[in-house]
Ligand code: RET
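As a starting point, one isolated chain is supplied in structure tokens, in the form predicted on its own.
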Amino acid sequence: MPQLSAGQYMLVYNTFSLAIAAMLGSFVFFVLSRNLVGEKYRMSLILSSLVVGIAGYHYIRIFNSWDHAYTLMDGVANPTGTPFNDAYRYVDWLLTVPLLLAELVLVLRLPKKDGTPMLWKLVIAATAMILLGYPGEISSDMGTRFIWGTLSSIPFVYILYVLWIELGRSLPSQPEPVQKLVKNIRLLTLATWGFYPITYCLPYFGINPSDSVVGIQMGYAIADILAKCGYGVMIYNIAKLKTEADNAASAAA
């Protein structure tokens, strides 16, 4: 771990604190909101709760690991020799990323012949993306990092294909407000997930090690907040709109 200024250290420290608060606050919101949507949409909110709950736990572990990895003295954060365990992040993604994709497929209530195969495709591709990215993340060799990063990008592109092309074919069957939200949630996914490879590539840009560490940790944390908390709120809104559409259809019948 490189030496950091006190400001750099506290910037990451406070960003991790923000992530913990966002995850735990979102967990409470999703749990309390579950009964506000129709029964058949509640599984998506349960998955949203699981995602932010798992992420909140891992951010507590990441926060503690960061705290133990440095000691502040005379305005400088010096490494203590205790390794900073960034593997918590990949364990978190391995659990939460497939769940995020499952939330979207389940809340749309696609026909079984379409929804089940799509769900498996997305879960398998998401798992492969995370597993392939980890060897590059922990490697200090730029060539190794590039190879594994490239391999990890293949399932990422496939996920985008499924979300835009295959899922796109089902959108005309959804209520118009839901169609708009699904389009927005796909853009949010592209923006937040696209931020991860940018952060992953920071060491290639010739940035000094201290700025690179700070940029990576802050980038991942901010992307996680948007990709989990923000995404979950949009899933909740889809569930609410579909519940209202179902109630209107029942009343008109």
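Just so it is clear, the structure is predicted and the values come from calculations on it, not from any experiment. In this text, residue numbers run from 1 along the sequence as written.
Although not depicted, the form predicted together with the ligand is the subject of the following passage.
Judged against the ligand in the predicted bound form with a 4.5 angstroms heavy atom cut-off, the residues Gly53, Leu104 and Ile185 are out of contact without exception. Picking from 173-181, 90-98, 70-78, 106-114 the stretch near the ligand in the predicted bound form, with a 4.5 Å limit on heavy atoms, gives 90-98.
Using a 4.5 angstroms limit between non-hydrogen atoms, Ser153 touches the ligand in the predicted bound form. Proximity of Leu122 to the ligand in the predicted bound form falls outside the 4.5 Å heavy atom cutoff. At a distance threshold of 4.5 angstroms between non-hydrogen atoms, Gly38 is out of contact with the ligand in the predicted bound form. By the criterion of a heavy atom within 4.5 Å, Pro197 is counted among the residues contacting the ligand in the predicted bound form. Contacts between 112-138 and the ligand, taken as any heavy atom within 4.5 Å in the predicted bound form, involve Met129, Gly133.
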